[in-house]
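Have a look below at one chain only, the form predicted alone, in structure tokens format.
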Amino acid sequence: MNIHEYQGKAILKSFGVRVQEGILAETPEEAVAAAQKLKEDFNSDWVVVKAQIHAGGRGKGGGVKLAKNHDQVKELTNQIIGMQLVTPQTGPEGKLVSKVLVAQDVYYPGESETKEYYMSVLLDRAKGRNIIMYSTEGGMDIEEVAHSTPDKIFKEDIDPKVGLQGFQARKIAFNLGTSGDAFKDMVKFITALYKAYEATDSSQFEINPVLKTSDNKILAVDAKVNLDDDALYRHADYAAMRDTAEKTQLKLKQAKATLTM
């Protein structure tokens, strides 16, 4: 079962994974109120307005916009809600946007440069093991990275008998080039992320990007979470996250495809 970014982040946060904070909004007025709350919490007028649909590549389709004041928040939310957002993962028909996540600006200036990474946890069915796949090339299409620069993609197998070991989390943090406080925070991030993946019976966690902020904090800017349908009976609270509107759109798309065959 696919869930939205804001839902995935809520799950991650419940397991101690630091995330880009945000507030869901279904109208421009709610978006402005969300931006005002974020201003109180983080002392910045800048926020990111992010379309919430079950598809990646939202930024490429115009579904992720930076707002520098509350007037822009209202204007951009008005543009995004109601749009038929087309991304590389939606197909040419796109998906209707009915809500946005108003999120804190995490690319603020500071003592060091920000850096984006890619990280996912998933099952390698051939080996029967979970793996952590990661790269220094965060924020990019991982398929393109794999094609153009495969040496920049790393994989860490996790033995199911013992789970993620401390030395493995440190190895990943080292391979990503982190150091000092960022290294320590990356180790904590990886450990919490894997714990969340296992505890939720998920089939995939994809975080792109994982961000090192200018003050050396590690956090999830995005969260693509796929929950295992066969395990939802153990997680009634997660099953309730199913977006029936998204499911209806998918059924309509499938029905249309059948009729045109």
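For every residue, the number given is its place in the sequence shown, counted from 1. This structure is a prediction, so every number in the text was calculated from the model and none was measured.
What follows is about the form predicted together with a small molecule, which we do not show.
Enquirer: Should A199 be counted as a contact of the small molecule in the predicted bound form, where contact means heavy atoms within 4.5 Å?
Expert: So A199 does not count as contacting the small molecule.
Enquirer: In the predicted bound form, does D181 have a heavy atom within 4.5 Å of the small molecule?
Expert: No, D181 stays farther than 4.5 Å from the small molecule in the predicted bound form.
Enquirer: Residue-level contact is defined here as any heavy atom of the residue lying within 4.5 Å of the small molecule in the predicted bound form; does G177 satisfy this criterion?
Expert: Although the small molecule is absent here, G177 would stay clear of it in the predicted bound form, with no heavy atoms inside 4.5 Å.
Enquirer: State yes or no: in the predicted bound form, is some non-hydrogen atom of A236 no more than 4.5 angstroms from a non-hydrogen atom of the small molecule?
Expert: Flag for A236 set to no.
Enquirer: Spot the stretch among 188-196, 36-44, 22-30, 201-209 with residues whose non-hydrogen atoms come within 4.5 Å of the small molecule in the predicted bound form.
Expert: It is 201-209 that comes within 4.5 Å of the partner.
Enquirer: R58, Q104 and E116 - do all three of these have some heavy atom no more than 4.5 Å from the small molecule in the predicted bound form?
Expert: Yes: R58, Q104 and E116 each sit within 4.5 Å of the small molecule in the predicted bound form.
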